[in-house]
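Have a look below at one chain only, the form predicted on its own, in structure tokens format.
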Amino acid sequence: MKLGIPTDDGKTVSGIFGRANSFAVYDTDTAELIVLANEGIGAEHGAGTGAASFLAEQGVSKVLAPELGPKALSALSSAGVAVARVEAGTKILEVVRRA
């Protein structure tokens, strides 16, 4: 399973989903962690839904984030991606261990 986590520094969970600097994608099967730039960070509208689509395209099946807007939640749900709330500032590796 692939987990998607918003991050601004590549080490901790960002407090913002759609406008986070990047997304950590952790593969629970291989224990591989990659950090991908959020290309939609500067979008005038729809940053959350764009981020949701981007993570779904990466094969993410669960998003771990502190807060998501209703449109991002709907987009993730439509793509079959589960969502779990986690605290902003938590280390990414700690969050994936708990997932």
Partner chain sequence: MTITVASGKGGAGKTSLAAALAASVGSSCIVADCDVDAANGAIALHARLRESGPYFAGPGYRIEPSLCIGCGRCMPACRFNAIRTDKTRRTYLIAEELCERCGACTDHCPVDAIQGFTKEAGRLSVSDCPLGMTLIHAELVPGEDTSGKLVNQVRRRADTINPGNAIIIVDAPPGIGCPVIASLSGADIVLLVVDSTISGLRDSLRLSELAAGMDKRIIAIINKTGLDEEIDNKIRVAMTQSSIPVMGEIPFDPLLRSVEEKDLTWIDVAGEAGLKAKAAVRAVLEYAQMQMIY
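Numbering follows the first chain given and starts at 1. Bear in mind that the values here come from a model prediction, so they are computed numbers and not experimental data.
There is another form of the same protein, the form predicted together with its partner chain; it is not shown, and what comes next is about it.
A.B. asks: Under a 4.5 angstroms heavy atom criterion, identify the one residue in 33, 56, 36, 43 near its partner chain in the predicted complex.
C.D. replies: Checking each option against its partner chain in the predicted complex, the one that comes within 4.5 Å is 43.
A.B. asks: I'd like to know if residue 25 sits close to its partner chain in the predicted complex, meaning any non-hydrogen atom pair within 4.5 angstroms.
C.D. replies: Residue 25: no contact with its partner chain in the predicted complex.
A.B. asks: At 4.5 Å between heavy atoms, is residue 85 in contact with its partner chain in the predicted complex?
C.D. replies: Residue 85 belongs to the contact set for its partner chain.
A.B. asks: Does residue 60 make contact with its partner chain in the predicted complex, using a 4.5 Å heavy atom cut-off?
C.D. replies: Close contact is absent here: in the predicted complex, residue 60 is far from its partner chain, nothing within 4.5 Å, heavy atoms only.
A.B. asks: Can you tell me if residue 50 lies within 4.5 angstroms of its partner chain in the predicted complex, counting non-hydrogen atoms only?
C.D. replies: Contact check for residue 50: no, nothing within 4.5 Å of its partner chain in the predicted complex.
A.B. asks: Taking its partner chain as it sits in the predicted complex, which residues of 6-37 have a non-hydrogen atom within 4.5 Å of it? Please list them.
C.D. replies: Residues within 4.5 Å: 8, 15, 16, 19, 20, 21.
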